[in-house]
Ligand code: NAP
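Given as structure tokens, the chain that follows is alone and in the form predicted alone.
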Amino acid sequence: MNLTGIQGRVALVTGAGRGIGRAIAIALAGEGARVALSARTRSELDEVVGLIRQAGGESVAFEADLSQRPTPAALVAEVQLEMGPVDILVNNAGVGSSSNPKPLVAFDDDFWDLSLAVNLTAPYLLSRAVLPGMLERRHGRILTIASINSRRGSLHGAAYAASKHGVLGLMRTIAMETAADGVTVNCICPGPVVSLMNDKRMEYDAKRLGRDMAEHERLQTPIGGRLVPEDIAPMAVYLASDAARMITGQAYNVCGGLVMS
């Protein structure tokens, strides 16, 4: 893509061991960012670090469980101690509805709490931790992977939809507060993406609707089929670059035409 403003910047990508986070981390490293990778599974992180380093990039893994309230601030402090101030934050780690889909009347309270902790509270705490430095330097990029379910409900996924609606409002508020200070804050709203998390949701919905998986997959988007993580990465790279300096408070659908708004 060869965009300016990313070379040498420190980017922290959460949920970077697989899926969308992995694709974004590799893409940012390809543009010259120094990438801090965070996830719970060390082996997945080490694999991505290896790929980035083999390609000539710089990357460090930080194992972290963002469902624990002290973790986000501690993670940012650790990254900044080892790599320097965070210039680009990508809030990607998330809990999907596929882990425990239920109608609201039977919803699991513990799963509600976990979903909001990872999908909403962690981005809040991570953003709060990186913002003072960004404001002082008058430069920063905060990108959050929301969902098309930040714009509409999710059947049997109340916690997921509520947390994604919430994070969209949070990011727009941060954008308002920082727009004049060199910091941009935006969301990307993916549609169904091929991933371990979405595979489980696909199986659940196909069974619920009485469809075979091939038919259900084909019907996921107007373009046809599901996205892959690499479909999301170019938008993230663009929003992290100087080319997007006048874009803030926005939420971009990358969804195969599933939500046209």
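A residue's number is simply how far along the shown sequence it sits, counting from 1. What you see is a predicted model, and the numbers here were worked out from it, not measured in a lab.
Heads up, the form predicted together with this ligand isn't pictured, but that's what we're talking about next.
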Practice task
Please determine, with the chain shown alone, which of 101-109, 172-180, 80-88, 143-151 has non-hydrogen atoms within 4.5 Å of this ligand in the predicted bound form.
Solution key: 143-151
Exercise for the section: For the three residues 12, 34 and 187, verify that every one has a non-hydrogen atom within 4.5 Å of this ligand in the predicted bound form; reply yes or no. Expected result: no
Practice task
Although this ligand is absent from this view, report whether residue 48 comes within 4.5 Å of it in the predicted bound form, heavy atoms only.
Solution key: no
Exercise for the section: Please check if residue 94 has a heavy atom lying within 4.5 Å of any heavy atom of this ligand in the predicted bound form. Expected result: yes
Exercise for the section: Please check if residue 196 has a heavy atom lying within 4.5 Å of any heavy atom of this ligand in the predicted bound form. Expected result: yes
Practice task
Look up in the predicted bound form whether residue 231 has a non-hydrogen atom within 4.5 angstroms of this ligand, and give yes or no.
Solution key: no
Handout entry: Listed residue that, although this ligand is not shown, lies within 4.5 Å of it in the predicted bound form (heavy atoms), from 218, 40, 53, 211
Key = 40
Exercise for the section: Name the residue from 26, 235, 60, 64 that puts a heavy atom within 4.5 Å of this ligand in the predicted bound form. Expected result: 64
Exercise for the section: Just give me the residues of 159-173, first to last, that have a heavy atom within 4.5 Å of this ligand in the predicted bound form. Expected result: 160, 164
